[in-house]
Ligand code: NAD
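Next up is one chain by itself, shown in structure tokens, the form predicted on its own.
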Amino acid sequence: MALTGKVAVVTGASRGIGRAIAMRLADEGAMVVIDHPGDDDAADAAVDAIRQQGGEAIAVKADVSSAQDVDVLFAETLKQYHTVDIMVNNAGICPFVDWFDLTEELWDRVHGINLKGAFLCSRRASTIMRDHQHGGRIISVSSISALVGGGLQTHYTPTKAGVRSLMQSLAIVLGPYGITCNSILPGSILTDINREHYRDQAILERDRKRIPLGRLGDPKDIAGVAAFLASEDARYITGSDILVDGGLFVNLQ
């Protein structure tokens, strides 16, 4: 229960990695605000699961690419829990698309959620942390795609590189206020964002063989790292990124 009494906001937390992080932070004692873009049933199910385990959580509908929605998210958080100690920028989309089929509208939408959303939420959360003078943690879910290219992810990889860079810069800006800023870089994690992609057994087997640990990641693999970065044990870690990929990145041969 390393996070007892802490308030955590987790974006995109109704499913996948975000839900796993929300569940783990709640298991560690945090009061969790589950942001979702309109996935009411899944968000309510996540809140119920946390409460059934003795935790505390609420769900708030907010599109993180909208400054107005982000204001609502934090207004509801302050109304319910009065502060913010942990900000987890997890919301993200990655519809696989060929470069020559990529539209300006899709480019803007992916950048709006993945990168602008991290900016808007980090700005709002850090302002609260600064004003309340208790420090805090900002954790952003970047991706191995911040380090490598992706033929069907030309819209996505720049956003994840941007999120990583944002955390590095914010570590400098927010360090004097006792706020740490770090990113997690998941590798191939099986979630709703890529489930259809991995229905192709040939692709699934190919990627498994490239991972030294021999399996795709599980959202819980990311949640444990997030819980560590949110804890007091990580108090002297900032501006860092942690690659959680089963060894995929180093397996170049």
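Remember, it's a predicted structure, so these values are computed and weren't measured experimentally. All residue numbers refer to positions in the sequence shown, first residue = 1.
There is another form of this protein, the form predicted in complex with the ligand, and it is not shown here; the text below is about that form.
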> For residue 31, is any heavy atom within 4.5 Å of the ligand in the predicted bound form, or not?
Replying inline: no
>> I'd like to check something about residue 74: if you look in the predicted bound form, is any of its heavy atoms closer than or equal to 4.5 Å to a heavy atom of the ligand?
In response: no
> Any of the heavy atoms of residue 55 lying within 4.5 Å of the ligand in the predicted bound form?
Replying inline: no
> Any chance residue 93 has a heavy atom within 4.5 Å of the ligand in the predicted bound form?
Replying inline: yes
> Which one of these stretches, 223 to 231, 61 to 69, 23 to 31, 47 to 55, sits within 4.5 Å of the ligand in the predicted bound form when only heavy atoms are counted?
Replying inline: 61 to 69
>> Where, within 135 to 152, is there a heavy atom within 4.5 Å of the ligand in the predicted bound form? Residue list please.
In response: 141, 142, 143
